[in-house]
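A single chain, nothing else alongside it, follows as structure tokens in the form predicted alone.
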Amino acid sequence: MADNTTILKLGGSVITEKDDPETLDGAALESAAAAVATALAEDDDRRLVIVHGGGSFGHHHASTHGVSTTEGTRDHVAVTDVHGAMTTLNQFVRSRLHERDVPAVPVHPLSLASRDANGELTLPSDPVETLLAEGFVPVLHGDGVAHAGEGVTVLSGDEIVTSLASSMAAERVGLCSTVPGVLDDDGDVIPRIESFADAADALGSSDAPDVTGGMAAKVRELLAVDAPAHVFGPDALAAFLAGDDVGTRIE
């Protein structure tokens, strides 16, 4: 994969109203789409993969059906509800990008990925790499995933990001969140994290009120990626795409 590959995660809480089921934050999504369009227009060689979270779409249905990254279901209605909500959100994201002439195309992980009985993820990157090579912007999303012995569990956008970043040797990784970075106990941004111990006191456990874990889980996964990763807020998205160091750098 070319060196100029960036993987960008748009947090579900950024682009949706997470407390209101299946409700977009239209202004935030349009702002993110504009930043992406500008960055691509300014760099013809850039290869960009976008991953978005579930927000009030996927998380709502997963919670309703009791499905998480570890608790699975064999109920086809539950699987369809979660996946359907995520494909709807994916369409909203792509439509905003299409309005700005970004050649975004969907990649649905439920049809592509799987977990073995030990929970190890297999997510082939070949389709994504081929789409990039053909000039498209693949847009993936948190989804259900076939899980041996569990039926279907939740696959978080964060895990998709780290899996693709490793298999594709991405140059940069960015997680656009609702906070300006990883925060310390005083609410200040931690500029750099090189080991989990650097932020352990502030992060605590990985528990969070959604089905895919909180900031601690994100940091642990990003530390395992070879490429430098940044956690930042929506106001820093354009700067990240321009190549700047923003928010918290994790490496």
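Because the structure is a prediction, the values reported are computed rather than measured. Note that residue numbering follows the sequence shown and begins at 1.
The same protein also has a form predicted together with a further copy of the same chain, omitted here; what follows describes it.
Contact annotation for the candidate site: Glu22, Arg46 and Val93 all lie away from a further copy of the same chain in the predicted complex (no heavy atom within 4.5 Å).
Residue contact check for Val179: none of its heavy atoms lie within 4.5 Å of a further copy of the same chain in the predicted complex. By the criterion of a heavy atom within 4.5 Å, Gly151 is counted among the residues contacting a further copy of the same chain in the predicted complex. a further copy of the same chain is not drawn, but in the predicted complex it has a heavy atom within 4.5 Å of Ala146.
Of the heavy atoms in Pro124, some are within 4.5 Å of a further copy of the same chain in the predicted complex. Contacts between stretch 106 to 126 and a further copy of the same chain, counted in the predicted complex as any heavy atom lying within 4.5 Å, involve Pro106, Val107, His108, Leu110, Ser111, Leu112, Ala113, Ser114, Arg115, Thr122, Pro124, Asp126, listed in sequence order.
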